[in-house]
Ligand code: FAQ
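Coming up is one lone chain in structure tokens, specifically the form predicted on its own.
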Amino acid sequence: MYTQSFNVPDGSDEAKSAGLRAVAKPLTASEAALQAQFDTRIDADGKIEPRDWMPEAYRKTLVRQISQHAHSEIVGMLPEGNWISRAPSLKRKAILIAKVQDEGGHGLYLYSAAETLGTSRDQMLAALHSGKAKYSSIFNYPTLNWADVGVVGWLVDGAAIMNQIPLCRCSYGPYARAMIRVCKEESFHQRQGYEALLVMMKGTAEQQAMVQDAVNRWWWKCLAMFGPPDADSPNSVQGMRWGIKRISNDDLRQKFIDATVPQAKVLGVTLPDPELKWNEERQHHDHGAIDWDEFWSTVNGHGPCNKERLGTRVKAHNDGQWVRDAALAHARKQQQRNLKEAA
């Protein structure tokens, strides 16, 4: 659901903090031949499948990116799940339940895709719960009222779709195929959020003020979701060379802004950027400066809801241990029963 360029590194070790770099071993003749085959397939815009040879750096990049994406889907259930019991109508409650359920499913698709790279679900969750692995910074902000739920659907999901559609052409096959279904479902989420806001904007002055306030609070955070400027995002270059990333952070951000401005006009809200204006020469909208200090502070665990989100996620995982144990016990009994019948 939610991306922030997918090139934010996870926790740093002593070598990283000391500024040390490992020296790559020279390739053997057989490895050089495999590397050449890999490069040829990438250059031809082909797909890499789980059993294909791939450079270790490519595998590690995918594990980090896909697991960050999966973590973002799972943690992303929390800000909206918080409003299921307080939805203003049965219709809105049913829509929100379905949406939160979709996000859980997206996380499962993505964890499964990451497992094809040789990592386990337990390893990925342990990294998340320990704070080593990252997830989208956008989920470390509170949803204060019902208008926030609509704005999350319109702006946050809208930014996610802009980021995720190019991933349907990712060079790693399992990830690309998972994203096709994810993007189809996310498009519904974006539309339902926008429709909910349209209804509120036809309501009372108080409701309209709630929508504008929510837009004011989420707009800049959504622009930061695309990740740091290209000049400060060195991993993007390699990701694009490998066909993992297709469009740069700044270009995705620009596409999102250009698409959102006319939607805001229809909705009747003002985007909170006095520098936002159409540039005839560039044929794009100019915009103001993003607060990257806030972004990095939140990514590094100092946002308003970081501890709350992670604590809730860990508690939910621990409380569900008995369900996983029961499912495994049932699967073992079923396997034993099948073996006896086969004998």
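In case it trips you up, residue 1 is the first one in the sequence shown, and so on. Remember, predicted model here, so these are calculated numbers, not experimental data.
In what follows, reference is made to the form predicted in complex with ligand FAQ, a form of this protein that is not presented.
S.K.: If you drop ligand FAQ in as it sits in the predicted complex, superposing on the site C-alphas, does this form leave room, or do 3+ ligand atoms land within 2.4 Å of backbone or C-beta atoms?
M.R.: Answer blocked: 3 or more ligand atoms come within 2.4 Å of backbone or C-beta.
S.K.: Quick check on L167: any heavy atom within 4.5 Å of ligand FAQ in the predicted complex?
M.R.: Contact with ligand FAQ, yes.
S.K.: Is there a non-hydrogen atom of Y172 within 4.5 angstroms of a non-hydrogen atom of ligand FAQ in the predicted complex?
M.R.: No, Y172 is distant from the partner.
S.K.: Contact between R64 and ligand FAQ in the predicted complex at 4.5 Å, heavy atoms?
M.R.: Yes, R64 is a contact residue.
S.K.: Taking any heavy atom pair closer than or equal to 4.5 Å as contact, tell me whether I42 reaches ligand FAQ in the predicted complex.
M.R.: Contact check for I42: no, nothing within 4.5 Å of ligand FAQ in the predicted complex.
S.K.: Name the stretch, out of 312-320, 283-291, 50-58, 296-304, where some heavy atom lies within 4.5 Å of ligand FAQ in the predicted complex.
M.R.: Checking each option against the 4.5 Å cut-off leaves 296-304.
S.K.: Which residues from 107-127 come close to ligand FAQ in the predicted complex, meaning a heavy atom within 4.5 Å?
M.R.: If the 4.5 Å heavy-atom criterion is applied to ligand FAQ in the predicted complex, 107-127 yields nothing.
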